[in-house]
Ligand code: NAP
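Form predicted on its own, single chain, as structure tokens, below.
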Amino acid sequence: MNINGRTRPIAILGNPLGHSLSPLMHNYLFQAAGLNNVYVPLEVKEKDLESAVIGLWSLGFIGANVTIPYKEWIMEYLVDISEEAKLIGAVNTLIRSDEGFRGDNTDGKGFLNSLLLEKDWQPQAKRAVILGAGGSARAVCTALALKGTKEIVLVNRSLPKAEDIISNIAARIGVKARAMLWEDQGLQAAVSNADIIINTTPLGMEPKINVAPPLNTEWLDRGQLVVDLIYNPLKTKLLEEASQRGCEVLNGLGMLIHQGVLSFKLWTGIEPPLEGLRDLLEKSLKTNY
């Protein structure tokens, strides 16, 4: 990479960032597109988040990604926020403007693009069960609701966060939605009737690859699509058990790529060439983890 006086920087803000594939992905895409940009990981402490945003803008950064745990907190330091990011209640992409950074969220659209492009799967009139109630669950719920999903069931270990997400999309989008606990008696029926089951929790992520969400996989059956937003490992315990039940399965690497492509377009205005990207990321996962 030839970094010089004309190189325009982009960052990812979060803590921790040692696991992130975003620098590898975006620097590959910048080189493939022939752009003089560089993407750098910047671990930021919570108390320094506001000054980090001000510093990036002052130093000429053209944008940034935002990851755990700052997707919600960073919103108060931005000059404008897209309507979808407001609906989701979180921002994962910053775009430079004359006054400061604007915020957007590409997670939900990136998730939908991964379903469409990798599984030819459309959410209209389908039933979804979503495991977890964090920022990723909020983005996935909102994206599915906006695309016409018939019913959404959000399953979490406690109800308040889940009910907050459900009430937001039900009131503002009008989708039929409800929150459930893992131990609720109606969970088996919800899972059995679902067209898609999506794990948004970190359960099963490297290094704890032998754990999984507390879901009885005997409730799964052929014809269902089981998605795990984890991409390290590429096939989690949940996906392995779902495959054995005859389900279609999808890991989170596609969502990572497609949300990254959308961020890339917001910063540069161009569609990046993707040839070789997935192989690069998979090789990195196998080599470094």
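One-based numbering along the sequence shown. On a predicted model such as this, the values are computed, not experimentally measured, just so you know.
The discussion below concerns the form predicted in complex with the ligand, not included here.
The stretch from 167-175, 154-162, 119-127, 75-83 that comes within 4.5 Å of the ligand in the predicted bound form, counting heavy atoms only, is 154-162. Remark: A137 counts among the residues lining the ligand in the predicted bound form, judged by a heavy atom distance of 4.5 Å or less. Taking non-hydrogen atoms only, G89 never approaches the ligand to within 4.5 angstroms in the predicted bound form. Contact between I68 and the ligand in the predicted bound form is found at the 4.5 Å heavy atom cutoff. Interface residue remark: L203 is counted as part of the site for the ligand in the predicted bound form, having a heavy atom within 4.5 Å. The contact with the ligand in the predicted bound form, taken as any heavy atom within 4.5 Å, belongs to Y231 out of W57, Y28, Y231, Y39. This chain is drawn without the ligand; in the predicted bound form, the residue among I198, L94, L144, A133 with a heavy atom within 4.5 Å of it is A133.
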